[in-house]
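Listed next as structure tokens is one chain, alone, in the form predicted alone.
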């Protein structure tokens, strides 16, 4: 059963791959597209040319519609020098203690310029583009639509849903409290916006006439159907695909997901300076006391990059940002195309059972 929104794009199944920056790959995106869903690639960390290159790689692997996702950020960032100095000293001490032969450094830029990334996305012309961390400007929405790119906004509260609907978004992606990765809250503090997916979905379905994409804790076809019954136009799954061989997640991260318990998932700021959901591990515990003094995103995210790379190379998942949703323990390590087909078969059988 095609969704109201995805059907317009030529996508036949109500399945969206969550745009997991740093973990999604062109191969993962293409596999989901090939199964009839909407593959979505997180490019928030990429320079403009890398965005164009990855879009070309996706097109080389599939002729199906796909989406790209960006973080909506200012082009420049305030630098809190005392917080940066404190973070570097704390991180360097941690890496020395844990036997990692790397140390922090100051990058040329804390993150790519959003305006340059947005221009590259427009040039790449995916079928759809999704955005998180904030609203776009009206002129940016108009530019995307002029180019035939559908606009998907991300929301964690009803007010954020309404804001995207008022801006003219073609669909709104709901990020329930169960969802993994960075929290997309922009009108409320993250701790105020930890609303369960189904509670948010029911309120949003009554409040706006915009297709809703449900995300957070959905790991199988039955969960997809449950979201649809409550008003979702499609379901967005990310954690479910993290353990696939096409995922760029480090093997130690993938292995830890298979052992994860529901109580292991926490809201973490110490890796990036922004609230995100993932596994509570050695790094998270070690940095808990320091968290209030660390710089904000993307400064902290850039400072922890050497540690995260070294930890991945050393197989130290306990020192990595192991982003995941609340039901991470339900991951099924298998090729992405096989997993997508399994999800859609489960979804079809659940519909038959319900009927």
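Because the structure is predicted, anything quoted here is derived from the model rather than measured. Residue numbers count along the first chain shown, from 1.
From this point on, the text means the form predicted together with a small molecule, which you will not see here.
Between the small molecule and the residues 211, 217, 273, 112, the one pair within 4.5 Å by heavy atoms in the predicted bound form involves 217.
71 is the sole member of 186, 198, 118, 71 with a non-hydrogen atom within 4.5 Å of the small molecule in the predicted bound form. Residue contact check for residue 23: one or more of its heavy atoms lie within 4.5 Å of the small molecule in the predicted bound form. Within this chain, residue 178 lines the site of the small molecule in the predicted bound form, having a heavy atom no more than 4.5 Å away.
At a distance threshold of 4.5 angstroms between non-hydrogen atoms, residue 129 is out of contact with the small molecule in the predicted bound form. Contact check for residue 232: no non-hydrogen atom falls within 4.5 Å of the small molecule in the predicted bound form. Contact annotation: the small molecule lies within 4.5 Å of heavy atoms from the stretch 317-325 in the predicted bound form, the single such stretch among 304-312, 288-296, 317-325, 57-65.
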